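Laid out below as structure tokens are two forms of one and the same protein chain, each shown alone and named structure 1 and structure 2.
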Structure 1
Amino acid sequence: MTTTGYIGRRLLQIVPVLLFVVTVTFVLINSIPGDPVRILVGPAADAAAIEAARAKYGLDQPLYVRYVRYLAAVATGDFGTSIHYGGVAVTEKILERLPVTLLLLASSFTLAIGSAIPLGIFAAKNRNNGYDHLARVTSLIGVSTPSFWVGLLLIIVFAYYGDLLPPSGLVMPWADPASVDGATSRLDVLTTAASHLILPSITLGTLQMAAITRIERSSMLEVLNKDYVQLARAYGVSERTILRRQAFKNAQLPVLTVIGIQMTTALGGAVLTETVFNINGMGNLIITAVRAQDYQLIMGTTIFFAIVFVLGVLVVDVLYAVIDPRISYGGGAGE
């Protein structure tokens, strides 16, 4: 099977997955107690106003009718309108908040990957000495520590006591200098954006860094014990050359799997991180939707997260063949 055929087949498999996600989420949301219309119109609204609001958002229809209508709308790319935001399209709210979360994810994974891979290689190269033990203990602490606790600790140390970094908010690097307090030039905006990104990036990237470090170390150790590596050593090839040419690339398949999974699941970590640092991204949008019982907004963000997850897994699978040409999509090893 060609790569194009494999991608096409996997894309078709996404449809039943999304249908399952939509169905389960729809049933669960409509099963929770509370009434989003009453939250919207307030406790002082009369019965006529409540019924008018129900009719406006289609909540006066039976559950099965709303479900079928919602499926038909989603099939055309329409995720409905938000009750909490006064009829604004859910897609518009997602596109408005998405760049903030993408910036946070990009910065946190740049930090995580940029530190985890060298740490994992260094720990594997110096197995069972002090450096290795330090890397292993640090990774264990990283994967065991809740991200929200890391964020609160960083705020206390570097914002409250140290007064070195801002404790909340996020400034986009492309923002207009006139809209940023104290900024008179593009350089001022970039400096402000970087200072706001440091603490949230460390908070979100700590878990990712720890998980990637552990896998990088174990994968490098496995490759370094292979026969072809031992043969290269016997021929007098330097350890640096072995690490760079023989070991590194062959050790990256498990690491790629972890990075791909961590990138998709990090969206869940972004919810906590954005809440702790009061960042108006996708995570904060989901929290707002749940608190307001905004059915359409909850559904839209859930479907978006599901799409990102399945596409992330697909990208990882395709990258396997790029890293290791022996992998084919025909059910057997490549020639």
Structure 2
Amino acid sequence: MTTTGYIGRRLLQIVPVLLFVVTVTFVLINSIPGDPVRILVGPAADAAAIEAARAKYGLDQPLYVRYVRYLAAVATGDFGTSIHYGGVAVTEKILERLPVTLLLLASSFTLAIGSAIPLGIFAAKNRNNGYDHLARVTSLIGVSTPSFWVGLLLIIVFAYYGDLLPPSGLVMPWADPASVDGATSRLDVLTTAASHLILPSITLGTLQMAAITRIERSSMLEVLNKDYVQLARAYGVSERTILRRQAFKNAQLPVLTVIGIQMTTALGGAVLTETVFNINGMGNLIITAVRAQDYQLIMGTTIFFAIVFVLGVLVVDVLYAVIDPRISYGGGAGE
């Protein structure tokens, strides 16, 4: 079977998962104690207004009818309207915030992967010497630190004391120069965007980086002990070539698995990071929605987070299949 076929199959597998996600979210939000209509119309409304609202939102219908309607609406991309934002469509609000969060995720993953892979390989290569111990202790601290605390410390050091980088907000690199403070050209916008992006990316990336370093190291060590690496040595391949060629590709397979798992942590981390740095992304949106008890918005953001996660995992799976020929040929799950 081809890689395309594999992707097709994986896409098909996503459908039931997303259906389940929508169901879980729907059931969760609809099991809220008390009358959601009262929240919808506000405390001042009279009985007639409540009834009108109930009919308007279809809340007089039985639960399963509402469920089917919601499913149908979601299938067309309609997640309802947001009370808190004065009746704006939830989808519109989410699509406005989504790029911010995606930018943050992309930049932090780039940072994490870009630094963790060489670090992990270097640690494996220098197994059990000083550098390795340092890398192991550092990554242990990395996986044990609350990311939002890292954010606070970074703000204290770099924003308040160092006065080097901005403590809050995010500027999109594609923003109109006119809308950005003190920017006159595209270049200004880009530098401003970069300076805003550094601290949040480190904050969000710390945990990922530590986790990936750990797995990179142990996976590399395992591969270096495989027979085919021993054989390469026996045929005079240098350690350098072995690391860069024979072992590298194989060692990335478990790393990819961990990156997939880290995706869920990263999305949670995005909520915290956006809170710490006052960034108006999806994370801030869901917190606002919860505070305002804006249920349509809560459901919408939750489902969107799940979609981002599932697609992220799909990308990882496809990469896995690209690296490991045993997967895409469909001859079973490899090893």
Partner chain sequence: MVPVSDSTAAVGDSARTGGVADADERSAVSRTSQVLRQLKRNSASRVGLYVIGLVTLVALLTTIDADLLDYQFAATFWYHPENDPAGSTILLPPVGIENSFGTGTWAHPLGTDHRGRDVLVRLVYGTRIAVQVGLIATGIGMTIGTLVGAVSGYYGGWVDDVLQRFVESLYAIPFLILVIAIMSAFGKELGIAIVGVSITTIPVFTRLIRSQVLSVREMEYVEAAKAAGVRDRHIIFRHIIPNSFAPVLVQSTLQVGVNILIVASLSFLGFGVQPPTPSWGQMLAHSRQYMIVNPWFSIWPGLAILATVIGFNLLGDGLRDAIDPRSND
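Just so we're on the same page, rigid core means the largest C-alpha set that superposes within 1.5 Å between forms. Worth saying up front: this structure is predicted, and the values here are computed from it rather than measured. One-based numbering along structure 1's sequence throughout.
In this comparison the chain labelled structure 1 is the form predicted alone, and the other chain is not. Relative to the superposed rigid core, the position of the CA of residue 310 differs between structures 1 and 2 by 2 Å or more.
In a rigid-core overlay of the protein, residue 291 has its C-alpha displaced by under 2 Å between structures 1 and 2.
Core-superposed comparison between structures 1 and 2: the CA of residue 128 stays below a 2 Å shift.
In the core-aligned comparison between structures 1 and 2, the Cα atom of residue 67 sits 4.0 Å away from its counterpart.
We note a C-alpha movement of 4.5 Å at residue 11 between structures 1 and 2, with the rigid core held in register.
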